[in-house]
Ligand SMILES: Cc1cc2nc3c(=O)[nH]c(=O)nc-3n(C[C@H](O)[C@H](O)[C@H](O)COP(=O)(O)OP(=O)(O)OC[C@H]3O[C@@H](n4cnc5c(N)ncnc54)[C@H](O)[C@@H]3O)c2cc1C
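The chain below stands alone, shown as structure tokens; this is the form predicted alone.
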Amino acid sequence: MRQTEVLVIGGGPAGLSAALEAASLGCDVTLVDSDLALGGQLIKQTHKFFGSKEERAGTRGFKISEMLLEELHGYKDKIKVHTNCTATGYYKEDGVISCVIGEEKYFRIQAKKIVMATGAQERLLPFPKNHLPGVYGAGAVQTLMNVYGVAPGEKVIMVGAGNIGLIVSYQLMQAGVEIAGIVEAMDKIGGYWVHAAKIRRMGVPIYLRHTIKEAIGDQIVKGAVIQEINDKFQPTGTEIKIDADIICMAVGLTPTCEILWQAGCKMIYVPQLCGHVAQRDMNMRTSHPDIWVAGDAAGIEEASAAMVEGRIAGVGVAKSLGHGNASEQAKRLEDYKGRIADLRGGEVGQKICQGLKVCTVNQWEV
């Protein structure tokens, strides 16, 4: 049995930020992440971030990851890191988390406080022959290209015109891969226009109000049939056949929150946040007095917001453990809450704020 003051589960932008903030206020932190390297989605992101100077606007995602890891190095005496380590379960009777490093090393860890920053899972679409080699989620394509330097194929059909679909399409073209078309079920593009404009300038067709009907091929993907849909999302128009060797799905994410369910946290379905999320207070504490949440595990949002949420959660756990100066804690929380309010000030942020009203409480009853 291992012991720690603070256990942070997830080493992406939210988890790194929470660990750094808690350590800076004096907490001893253990950080576990299932990937081989820390950074989460940041290490795949080659595009420049929006926002303000505080949120590193104009900096590419993988560079932000490098900055966070450099900051982490400065707290190596306070933060113990386990990569390739999966938190497999929470035991309510004693608050113990079980972890597996690789496939061989198993240990249990008991923490005074836990920050859940487990990120999100990709959604996939069911359609005939979606089992064929050549059907990917957008995250897998990003990993192949931006982490391992491998082009997934030569010609791609992208399903989904949200930010992820648009950004990954552009990154594929930068790698010399042709985009045969982007298929979007809604009647408008879901991502930022700045991303869509780059795609359209390069001549990529965007099929609004269309869906993928089936993949073409026997042993591998050789194309797909797409079809227009009506207001009830039922196929109604002419079928279009598109040749391609890759079908990439960017149809959204769902918060990863299994351990929150296991711990008995109050959960609520919030469509604006893309799934079930834990109810939380203004400092990201859940209904469980020892568990905080941050990042995509708290609701699908941009990485900039995830990092600020992580900072808020880090202050929250340190405050609950009696670490740090009260006035310094209040100053940091005021700053971080102002920054995240600014990030949510646009049209996309309005949707997030609507969802947060449903699942946020001012203060938990004692």
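Sequential numbering from 1, following the sequence displayed. Just so it is clear, the model here is predicted, and its values are computed rather than measured.
The same protein also exists as the form predicted in complex with this ligand; that form is not shown, yet it is the one meant from here on.
Which single stretch, out of 328-336, 22-30, 294-302, 314-322, brings residue heavy atoms within 4.5 Å of this ligand in the model of the complex?
After filtering at 4.5 Å, what remains is 294-302.
Interface membership of T286, this ligand in the model of the complex, 4.5 Å heavy atom rule:
No - in the model of the complex, heavy atoms of T286 and this ligand never come within 4.5 Å of each other.
Can you tell me if G119 lies within 4.5 angstroms of this ligand in the model of the complex, counting non-hydrogen atoms only?
So G119 counts as contacting this ligand.
In the model of the complex, does F62 come within 4.5 Å of this ligand, counting heavy atoms only?
Result no; F62 lies far from this ligand in the model of the complex.
Flag I199 as yes or no: does it have a non-hydrogen atom within 4.5 angstroms of any non-hydrogen atom of this ligand in the model of the complex?
Result no; I199 lies far from this ligand in the model of the complex.
Give a yes or no on whether every one of G40, T86 and Q142 sits within 4.5 angstroms of this ligand in the model of the complex by heavy atom.
Yes, the whole candidate spot contacts this ligand.
If the cut-off is 4.5 angstroms on heavy atoms, which of these, I167, A244, V277, A111, is the one near this ligand in the model of the complex?
Of the listed residues, the single hit is I167.
Sole residue of I79, A215, A180, I259 within 4.5 Å of this ligand in the model of the complex, by heavy atom
Checked against the cut-off, the match is I259.
Determine the residues of 1-31 with a heavy atom within 4.5 Å of this ligand in the model of the complex and present them in sequence order; the list may be empty.
Heavy-atom contacts to this ligand in the model of the complex: I9, G10, G11, G12, P13, A14, G15.
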